[in-house]
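Just one chain follows, in the form predicted alone, and it is written as structure tokens.
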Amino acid sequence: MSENPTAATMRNKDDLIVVTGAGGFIGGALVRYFHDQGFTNLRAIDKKPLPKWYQRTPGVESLCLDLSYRENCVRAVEGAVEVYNLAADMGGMGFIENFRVECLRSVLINTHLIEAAYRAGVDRYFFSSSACAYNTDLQKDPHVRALKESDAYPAMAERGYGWEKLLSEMFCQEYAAERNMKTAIARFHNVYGPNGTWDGGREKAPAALSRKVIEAKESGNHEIVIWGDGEQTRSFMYIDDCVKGIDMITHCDDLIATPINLGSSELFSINALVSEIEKVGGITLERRYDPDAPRGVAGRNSDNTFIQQVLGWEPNTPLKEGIAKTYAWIETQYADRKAGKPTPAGESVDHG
């Protein structure tokens, strides 16, 4: 809804906006979003070397800084009016389950960054949380009831990544309560789309399965390996909905220090997701299931009652539409890699 306050309606176009994690998927998309809205003073930060950033927007100040160090956070927020924290060591279910220490260490980023932002007089601070913060006891059935914001407590978050998100949410809430800082918190539900990780171990299901379908077509080996039994359920949010939601949530005074779901309420099983991708790829594959692979919780969906109530809006890009765009982009990346061109979003990642 157009009447919701946004950066474009609240800020001068030369106000400094800082986006961390900007070399990654959502951060890179958010920088491009603000640039396309006419903002001329953008600072993008990621610890990855610049050639490995998934997308870079021309005319943006791009810095390579590891924000788990306090002094780098101080540098990052100098002169900023708004800060969007999307920096974290994370990935899909395989990464989250196998690298819990790295996921937990992301707590250093938000701890240092929010303090630096407060000291620098930043007006609004956004933290990207996750549905992994929700109580896992409520996610044991594929036919899950949608998770509402209050379901994070009593706390039983996903080990590693989920606990880091929950604790960092609390930091944002306390900075608002004790120091009157305007903080915003969105719990993402499975974001996907072009310019995201599609290979290397950190990719999420839509990208991983799209790549597998492309590989099967390319190799002539028409089978696909699915983690778990394929009956686990999720909702998937297209990237354009995600960045629009971030903007509206950050600028809504009714949502200061208030965690809110940002996800689609359209529930799909992994098997149904594979079917959608097969339709786009024009192929039907034989399915093999790996019961020993990481599969995450049995079911997770976003209850969008609250976001509809406050913003009169919810993520609404249909999966088939978003998957078609995502598949086409990954297909191009796959061809580029075969041709020897650099594909930063699809290169294997060093976890060491």
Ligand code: NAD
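So that there is no doubt, residue numbering starts at 1 and follows the sequence shown. Note that the coordinates shown come from a computational prediction; the quantities given were computed from them, not determined experimentally.
Another form, the form predicted in complex with the ligand, is not on view; read the next lines as being about it.
J.: Please determine whether Lys212 contacts the ligand in the predicted bound form, using a 4.5 Å cut-off between heavy atoms.
T.: No, Lys212 stays farther than 4.5 Å from the ligand in the predicted bound form.
J.: Taking any heavy atom pair closer than or equal to 4.5 Å as contact, tell me whether Tyr161 reaches the ligand in the predicted bound form.
T.: Within the cut-off, so yes.
J.: Applying a 4.5 Å heavy atom distance criterion, does Ala76 contact the ligand in the predicted bound form?
T.: No, Ala76 is distant from the partner.
J.: Consider Leu67 of the chain shown here, and say whether it contacts the ligand in the predicted bound form, taking contact as heavy atoms within 4.5 Å.
T.: Result yes; Leu67 sits at the interface with the ligand in the predicted bound form.
J.: Among Ile109, Leu147, Ala207, Val83, which has any heavy atom within 4.5 Å of the ligand in the predicted bound form?
T.: After the contact test, the surviving option is Ile109.
J.: Which one, Gln232, Ser265, Thr258, Asn190, lies within 4.5 Å of the ligand in the predicted bound form by heavy atoms?
T.: Of the candidates Gln232, Ser265, Thr258, Asn190, Asn190 is the one lying within 4.5 Å of the ligand in the predicted bound form.
J.: Have a look at 280-288, 59-67, 307-315, 33-41 and name the one stretch with heavy atoms inside 4.5 Å of the ligand in the predicted bound form.
T.: Among the candidates, contact is made by 59-67.
J.: Just to make sure I understand: among 44-67, which residues lie within 4.5 Å of the ligand in the predicted bound form, judging by heavy atoms?
T.: Asp46, Lys47, Lys48, Tyr54, Leu65, Asp66, Leu67, in sequence order.
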